[in-house]
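Take a look at this single chain in structure tokens; it is the form predicted on its own.
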Amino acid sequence: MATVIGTGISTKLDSFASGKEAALSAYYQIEKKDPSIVITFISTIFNQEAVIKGIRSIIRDAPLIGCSSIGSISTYGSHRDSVAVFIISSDSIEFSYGIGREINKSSRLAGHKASKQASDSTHSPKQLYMMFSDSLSGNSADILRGAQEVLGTSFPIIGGGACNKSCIEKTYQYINGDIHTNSVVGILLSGDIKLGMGQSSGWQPIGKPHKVTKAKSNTIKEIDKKIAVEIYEDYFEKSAEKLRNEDICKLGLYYPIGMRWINKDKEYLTRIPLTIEENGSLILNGDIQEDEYISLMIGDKDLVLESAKKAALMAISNSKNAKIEFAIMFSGISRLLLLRKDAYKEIDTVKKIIGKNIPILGCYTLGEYAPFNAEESKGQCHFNNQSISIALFSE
């Protein structure tokens, strides 16, 4: 049998019916074989519990994991306001999973607990860890560090932050029949499989670099010895109060803060400001160090599509000409908002490189986990924003 992928997408407005329709479509595609795992991404326009019940009305027993998202990514394209159900049925891949709670109290501990629970299985060899975290709680970079404490800094990790249409609404994480928030869920894939990974961004710096002169964890207090929010006040000619009222996170999706990556002229790690504190500090969705040089960043449609090509070519190269069975793909919500009606072009760009009929499963995320400059999937993983990450699986 090897590995079979079923994909179901539904945009029905009735939550239960949408979950049921997507699950049924995916189940028929695997010809009613026994599902090994169910991965689902659900828009927050739906009643989350009703959707899960709809999925479970078709697929009752298989492990289920996933998160909320503004939209799904599949071989069929980009689908906003949808329920996506992906079923993997495999006799060569084994799956184990875990959860870490209360990200806002200790992001690192939550990441550690989820990966430890997932890796406690006897399955081997361990190949890839995929995790979905609450993007609006805690420090996403620390969640990754917690996972790396268990798995190692060069172990392949992919996934991202659960998201929705608003930066202030709840996000959701799913594990089996339970719906969580303020949590991270992860799934470990093990077995005799080959893996190729790639990532890229396409966001570029604007203006002169600035120095972070006071910061702690994911809070920037001062930039160039001035109150942190002034970097946005000066550029957009808006007061901190106005930026706060208009939701700094929405602005940050288009204009994040970028840190130049070590020894790379054009590679940046980006961070999105989630909130502005009363004292003008910026709370980011990932940490940043004092004395770091940063820039405001901006996206360009052509460069974003070029980065999708770069990530796909990198993943193919790391696959060593093996026959691709399926792909996992995550793209930053910023890319979707920038491309708008052309979002399908990003997926088409990837398909032209990996093969137009290769099953793709994924969603849009608020921050992505992926290795930088992966060579045979052994690049160190980092948390980034505005990026695309791809994992290709071969048997």
Partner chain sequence: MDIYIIISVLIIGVLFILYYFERNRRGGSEKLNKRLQDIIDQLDSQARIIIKTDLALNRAQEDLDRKITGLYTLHELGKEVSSTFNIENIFSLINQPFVLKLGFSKLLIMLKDNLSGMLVTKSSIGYSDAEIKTIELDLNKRKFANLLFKKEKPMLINRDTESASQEYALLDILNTESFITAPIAVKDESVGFILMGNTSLYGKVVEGDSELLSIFANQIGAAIENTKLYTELFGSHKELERRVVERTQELEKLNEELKNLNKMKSDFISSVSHELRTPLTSIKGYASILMTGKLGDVLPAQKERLEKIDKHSNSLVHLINNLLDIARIESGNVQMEMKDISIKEMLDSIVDIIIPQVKEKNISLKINSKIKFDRIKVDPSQMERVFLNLLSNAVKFTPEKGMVIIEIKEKNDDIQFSIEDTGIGIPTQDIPKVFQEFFRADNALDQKIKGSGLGLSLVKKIIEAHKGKIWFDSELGKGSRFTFTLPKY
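Treat the numbers as computed from the prediction; the structure is a model and nothing was measured. Positions refer to the first chain, counted from 1.
Not on display, but discussed next: the form predicted together with its partner chain.
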Quiz item: Within 4.5 Å of its partner chain in the model of the complex, do Asp14, Lys238 and Tyr255 each have at least one heavy atom?
Solution: yes
Quiz item: Of these, Tyr27, Tyr364, Phe326, Phe46, which has a heavy atom no more than 4.5 Å from its partner chain in the model of the complex?
Solution: Phe46
Self-check item: Partner-contacting position among Arg60, Lys352, Lys341, Lys32 - heavy atom within 4.5 Å of its partner chain in the model of the complex
Solution: Lys341
Practice problem: Counting only non-hydrogen atoms, choose the one of 178 to 186, 294 to 302, 192 to 200, 153 to 161 that falls within 4.5 Å of its partner chain in the model of the complex. | Solution: 294 to 302
Quiz item: Hey, in the model of the complex, does Ile283 get a heavy atom within 4.5 angstroms of its partner chain?
Solution: no
Quiz item: According to a 4.5 angstroms non-hydrogen atom cut-off, is Gly207 in contact with its partner chain in the model of the complex?
Solution: yes
Self-check item: Contact of Glu102 with its partner chain in the model of the complex (heavy atom, 4.5 Å)
Solution: no
Quiz item: Taking the shortest heavy atom distance, is Asn245 within 4.5 Å of its partner chain in the model of the complex?
Solution: yes
